[in-house]
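Listed next as structure tokens is one chain, alone, in the form predicted on its own.
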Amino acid sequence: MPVETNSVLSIDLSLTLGDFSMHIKNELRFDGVLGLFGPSGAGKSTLLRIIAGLERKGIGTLKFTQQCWQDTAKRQFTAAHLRSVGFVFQDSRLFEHLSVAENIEYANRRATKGNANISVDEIIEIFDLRRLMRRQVGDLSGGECKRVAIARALAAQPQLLLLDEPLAGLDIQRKAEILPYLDALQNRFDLPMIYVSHAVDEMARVAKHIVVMNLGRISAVGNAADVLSDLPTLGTASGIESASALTATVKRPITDFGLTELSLCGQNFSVPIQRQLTAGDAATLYIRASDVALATSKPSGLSIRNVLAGSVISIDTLDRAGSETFAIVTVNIGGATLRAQLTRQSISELGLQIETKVFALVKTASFNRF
């Protein structure tokens, strides 16, 4: 039967592996893709292995919807092959002695039939695998291997799909090729998914809600825009630069110039064309503070097309910005907040203060990192 919307994963588990300890006590609700974010060593992959039943050393309880998968006190543990969980590993783990078709057939034969809403024919169509079915795995490119790995996990008809850094090892171009397939997957199947990554760009693109992990604990849970905007203050990892996550609405494609026009708090904004989005769709923009410049008067004669009017609401120097050279200026853009990283000298010369009217400039090219 199809998986119900808003499924719940209830976790109350502790685990110790050498010097690493984990304790998770949360109810994770699924409404769109749930992103699991954090630095290397935070425990993200370990948590996925616990959920999948591949790690048995955890102590406590784990429940998904109406199913109890683990209850240590009652000596209850549901084996991995009985959990109706699809798992996409970082390294794909395809059977290299089998063809693409045989990999997918293998998974389908062993399906628990927990989600009959997923058909092999539709999976092949969504991931554009028809021409690859007779190919051997060893003859595939890295991006093709990722597509087959996700398709194979779906062929098992899971009730929950776990993706452990599925774009790991791919360059920017290959990531750009895979992301539309993930969009299609979300749009077609009513399937709870946990997407693990330590790349904020991926989180902004893929996840609707995000769980932040650090040192074996959950430190934040919320919608993607709020969590990603707060990342610099969460202390989840060194080197996470200040940024903003803003929700915009798609207006129209500008196909002649390869752009998609968005409306951000009533102001127009252009990004490289997003063919998977249509008018009225919501889109999360992840904008690095270092990609934003500020002007105190509306500029003209510039190649930068994205110019947003707003006013300064805060200037954070040294302690929070983490540098004696730079500061973070937060701007109110029609109710949304946008961060800009400027030199302290620039702030002084522009005379920026709280409530100063400014224009934020963001290059369209800054969204090409995928």
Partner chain sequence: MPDLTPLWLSLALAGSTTLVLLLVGTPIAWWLAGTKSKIKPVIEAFTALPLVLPPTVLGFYFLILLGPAAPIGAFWVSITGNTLTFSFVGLVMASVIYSLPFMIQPVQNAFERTGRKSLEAAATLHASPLDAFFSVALPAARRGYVVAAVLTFAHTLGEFGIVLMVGGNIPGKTRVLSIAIYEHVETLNYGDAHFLSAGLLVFSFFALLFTYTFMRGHYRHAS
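Numbering follows the first chain given and starts at 1. The structure presented is a predicted model; accordingly, all values stated were derived computationally and were not measured.
Heads up, the form predicted in complex with its partner chain isn't pictured, but that's what we're talking about next.
In the model of the complex, D171 stays away from its partner chain, with no heavy atom inside 4.5 Å. Using a 4.5 angstroms limit between non-hydrogen atoms, F95 touches its partner chain in the model of the complex. Among residues of the shown chain, R110 is one whose heavy atoms approach its partner chain to within 4.5 Å in the model of the complex. For the chain shown alone, H81 is a contact residue for its partner chain in the model of the complex, at least one non-hydrogen atom being within 4.5 angstroms. Here the marked residues F269, I333 and K363 all miss its partner chain in the model of the complex; none has a heavy atom within 4.5 angstroms.
Heavy atoms within 4.5 Å of its partner chain in the model of the complex are found in exactly one of 73 to 81, 275 to 283, 216 to 224, 295 to 303, that being 73 to 81. Contact with its partner chain in the model of the complex, judged by any heavy atom within 4.5 Å, is made by just one of D128, E122, D230, D91: D91. This chain appears without its partner; in the model of the complex, the one residue of A153, I194, L167, M203 with a heavy atom within 4.5 Å of its partner chain is A153. Heavy atoms closer than or equal to 4.5 Å to its partner chain in the model of the complex belong, across 248 to 264, to no residue whatsoever.
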